[in-house]
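The data below hold one chain only, encoded as structure tokens and taken in the form predicted alone.
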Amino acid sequence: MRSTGTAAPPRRRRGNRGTDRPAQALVLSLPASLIVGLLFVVPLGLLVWMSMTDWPLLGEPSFVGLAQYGAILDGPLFLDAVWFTVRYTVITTVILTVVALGLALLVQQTRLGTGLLRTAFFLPASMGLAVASLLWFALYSDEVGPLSDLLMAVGLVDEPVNWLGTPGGALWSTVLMVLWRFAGFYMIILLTGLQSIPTQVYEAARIDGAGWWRTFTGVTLPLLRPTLALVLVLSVTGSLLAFEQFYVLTGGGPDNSTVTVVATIFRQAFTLFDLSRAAAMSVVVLIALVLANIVQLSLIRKGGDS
């Protein structure tokens, strides 16, 4: 007996999509991997190789092993620069974080004039660091700067202030300029973290009778921990790599009292033309940056778990 129905079409074999996804991911990430390799991995490898050789401007380099790293300790200027950079990093990070958090709390609530204050606080961040340093160099100037004249006009000082003429004055004058330049930028980051905290948490704290300080320490700071971690990493990294502000404002003076680590590397490479030792210093700074960020994130993570 013949079948009157039509034959069913053959089923198509479905490819194993699970095994195709790793291949697709590899293909999609290949351009970014090539860019990272060309712009980061290859220069980093060349830097490490330069630090282990005697690399002249002309001629063939000769391999010297770790001798360049040992020679770093022979120069007292580098060790003094490390100590100054660490002091500057601690001072700047603490003051900048506290001021930025205060500004973020000030403009957290939307009310009349909040938008204007946010814009005013953030406006210096739109200026380049070198340009900001030149601006404050003019403000600190005894000849054309208005700061000393303003202080004398209100009777706070009797004579022009030598803002950059002493080691302490040069350091704190630079810290003031950096605070003006970056406080608004970090304020925006912290403001984003504050606005991501649910309002229900604050309402629950009020119902429990928590005051402003108890709410700040028990609710705001714990929930703001990831944002604070980002601010700390950015501030510490930027401070350890400080160069433009001191190069423009103080030139490393007076008496090499404001020479940073990056300024020492710059001097070693482009003034003394000792590329190998400058490369060794750069490797040491890179390792220090990685370790500092690891320690920061570990401490913040432990604080969040406790």
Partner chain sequence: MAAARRTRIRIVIADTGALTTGIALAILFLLPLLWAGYSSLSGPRATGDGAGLGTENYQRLFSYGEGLFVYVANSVAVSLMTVVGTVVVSVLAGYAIARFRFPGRNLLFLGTLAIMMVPYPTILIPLYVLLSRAGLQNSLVGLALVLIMFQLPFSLFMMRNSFEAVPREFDEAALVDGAGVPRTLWSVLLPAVTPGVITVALFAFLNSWNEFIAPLMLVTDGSRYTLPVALAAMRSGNFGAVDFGALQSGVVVSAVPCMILFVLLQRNYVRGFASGALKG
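Owing to the predicted nature of the structure, the values given are computational and were not obtained by experimental measurement. Positions refer to the first chain, counted from 1.
One more form of this protein exists, namely the form predicted together with the partner chain; it is left out here, but the text below deals with it.
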TL;DR on 71 to 79, 84 to 92, 186 to 194, 155 to 163: the one with heavy atoms within 4.5 Å of the partner chain in the predicted bound form is 186 to 194
Quick one: does Gly128 come within 4.5 Å of the partner chain in the predicted bound form, counting heavy atoms only?
yes
Can any non-hydrogen atom of Ser141 be found within 4.5 angstroms of the partner chain in the predicted bound form?
yes
Whether Ser298 contacts the partner chain in the predicted bound form should be assessed with a 4.5 Å heavy atom distance threshold; does it?
no
Partner contact for Ala67 in the predicted bound form: the partner chain, 4.5 angstroms, heavy atom
no
Let me test this: is every residue among Leu46, Leu135 and Val285 within 4.5 Å of the partner chain in the predicted bound form, going by heavy atom positions?
yes
Candidate from Val175, Leu230, Val219, Leu151 lying within 4.5 Å of the partner chain in the predicted bound form - any heavy atom
Leu230
Along 31 to 45, which positions have a non-hydrogen atom within 4.5 Å of the partner chain in the predicted bound form?
Pro31, Ala32, Ser33, Ile35, Val36, Leu38, Leu39, Phe40, Val42, Pro43, Leu44
